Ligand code: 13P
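As a starting point, one isolated chain is supplied in structure tokens, in the form predicted alone.
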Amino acid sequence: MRRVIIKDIGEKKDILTAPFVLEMERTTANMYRLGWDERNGGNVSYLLDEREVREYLDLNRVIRTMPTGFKATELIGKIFIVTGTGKYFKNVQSDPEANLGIIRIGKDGETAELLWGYKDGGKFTSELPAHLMSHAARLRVDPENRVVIHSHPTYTLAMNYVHELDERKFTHTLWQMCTECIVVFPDGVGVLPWMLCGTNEIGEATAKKMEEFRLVIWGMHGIYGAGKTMDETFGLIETVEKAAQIYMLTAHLPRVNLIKDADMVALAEAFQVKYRRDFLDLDEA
């Protein structure tokens, strides 16, 4: 099949006004403000629409190339805006060009072509392989998936130390904490044990979980979330964190009231969401 190359014609818009850059600025600022991403903790990747990017950048101009450390065959040609390694989320708004980068996955699937950003010679997050694997896994499930966020929400992380790291039990507890939980993440939360971060092994394990969950706990480390939009993905993590906060504030106290499993079923069915019935304790008799 002949490849058609569309030339970039005309004056480009200012990249710093691009909606996807502004979204990254707002989201990373919020995550830092909430205490989810201390120092250079956490990372975000956002799959972009090539037509939209073309309004701001000459896609034929590659600043430099970088090996990704992973062969992302399914993502060849796709463009992402990604937070940089060693970068602090608190600095993204004041200097997005140093703290963010727009990359395209090269024809070999193993190279990132830098189209904009990382102006100080930096590069993408060390967790890029895990992000790319998660994007590929979620796109197979939902072709509209565009965002992967990794962060270290305080109460979610604290809950890891006092609750069994079993995804059925962990999900069930979270669902019991807030009425909205089973509606917001009816597919539940996947859970991984502690693993060495920045490796392809943890990326592969996360991607496997992403085949059935949009949220994956990294034991004693943080959480991965995936979604169609930045708001959806941020909201998923935000809801888990709120539920974990309530759990941690009440775990040492006697439980007088609980949201019953039958109530959660009623909720899920009222909102017409497909929920993990096997994550509930129901009397099938």
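A quick note: this is a predicted structure, and the numbers were derived from the prediction, not measured. All residue numbers are counted from 1 along the displayed sequence.
In what follows, reference is made to the form predicted together with the ligand, a form of this protein that is not presented.
Partner contact region in the predicted complex: 146 to 154, out of 146 to 154, 161 to 169, 111 to 119, 133 to 141, criterion any non-hydrogen atom within 4.5 Å of the ligand.
Checked against the ligand in the predicted complex, the residues Gly235, Gly41, Gly35, Gly69 give one hit for a heavy atom within 4.5 Å, which is Gly41. A heavy atom within 4.5 Å of the ligand in the predicted complex is found for one listed residue only; from Gly190, Gly203, Pro96, Gly84, this is Gly84.
Among residues of the shown chain, Thr199 is not one whose heavy atoms approach the ligand to within 4.5 Å in the predicted complex. Among residues of the shown chain, Thr173 is not one whose heavy atoms approach the ligand to within 4.5 Å in the predicted complex. Put simply, Asn91 is far from the ligand in the predicted complex: not one heavy atom of it is within 4.5 Å.
None of the heavy atoms of Arg54 is located within 4.5 Å of the ligand in the predicted complex. Although the ligand is not shown here, in the predicted complex the stretch 109 to 135 places heavy atoms of Thr125, Ser126, Glu127 within 4.5 Å of it, in sequence order.
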